[in-house]
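Shown next as structure tokens: one chain only, the form predicted on its own.
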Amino acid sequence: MPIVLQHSWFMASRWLRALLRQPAWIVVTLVQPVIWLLLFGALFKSIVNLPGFGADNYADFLTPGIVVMTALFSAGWSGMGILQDYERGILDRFLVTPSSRIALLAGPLVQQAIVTIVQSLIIIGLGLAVAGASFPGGVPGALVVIVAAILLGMAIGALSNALALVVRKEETVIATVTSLTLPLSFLSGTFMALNLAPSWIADVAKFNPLQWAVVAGREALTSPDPDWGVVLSRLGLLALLLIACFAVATRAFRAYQRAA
């Protein structure tokens, strides 16, 4: 196991060094969520006055959703790194080394988790400094939001890597990611309280992992006395999803190995 951890950190460090050579990537991935948080939040801040909305401050309501939505969007592109290694022959060269096969998949996910932490801290900071949020849940609530974002991001990153290993085409990965991420966002309570949404959206949201992360983060961050049963149950679902998605990625990688 220590060898697996050592190799996983080596692979994560490799991806982090590549990211540091183009730090603008983190900024680029933050442009859209900042627009959602600042412009969308300002435009619809009075929506909390609707009867039954259930929140007093729209910035408090919106920020946890933007954090986990950013993790979803960013992780969706994780497979592009695997594709670049495949096209350059780097992935096949790793296969003839004694490096752990699990680490080849876990490394990019660790890098994704670190990027998610940075992005989440920036968005939460903007929510406090610019958007007018107060976050009654304080630091523990912020930590829950970040953990939920990490679990969701790593799960979606694993699925993206699995997709890349199966299709091996950038166009297919791009089309799949773009066609799924935005609908998942709107089929959740990211922007609107679900008790005011159409009933069919509320029903679909029950099976939406983005909604699980939103519920956990929002309950912990916006309530001075969170229902930890709700928080932990949603985090548990996200952890199970991560395990399942990593298993799918592992099977996809083994299929790639057999075909290589």
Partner chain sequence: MNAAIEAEGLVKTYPGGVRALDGVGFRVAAGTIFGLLGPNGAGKSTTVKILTTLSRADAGTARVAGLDVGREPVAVRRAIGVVGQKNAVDGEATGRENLLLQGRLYGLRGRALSARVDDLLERFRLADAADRFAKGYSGGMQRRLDVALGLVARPQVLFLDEPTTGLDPEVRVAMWEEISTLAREEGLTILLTTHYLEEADQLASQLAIVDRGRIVAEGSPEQLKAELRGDRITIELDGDGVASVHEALARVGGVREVALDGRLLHARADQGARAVPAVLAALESEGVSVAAVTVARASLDDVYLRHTGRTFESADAGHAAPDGDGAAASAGEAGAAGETTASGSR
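Positions refer to the first chain, counted from 1. In this text the structure is predicted, and so the values were computed from the model without any measurement.
Omitted here: the form predicted in complex with the partner chain. The next part is about that form.
Taking the partner from the other structure, the partner chain in the predicted complex has a heavy atom within 4.5 Å of a heavy atom of Thr97. Under a 4.5 angstroms non-hydrogen atom cutoff, the partner chain in the predicted complex has Ala18 among its neighbouring residues. In the predicted complex, the partner chain stays beyond 4.5 Å of every heavy atom belonging to Trp77. In the predicted complex, at least one heavy atom of Tyr86 sits within 4.5 Å of the partner chain. Here the chain stands alone, but in the predicted complex its contact with the partner chain, taken as any heavy atom within 4.5 Å, falls in 87 to 95 among 87 to 95, 134 to 142, 154 to 162, 116 to 124. Along 9 to 24, a non-hydrogen atom within 4.5 Å of the partner chain in the predicted complex is carried by Phe10, Met11, Arg14, Arg17, Ala18, Arg21, Gln22, in order along the sequence.
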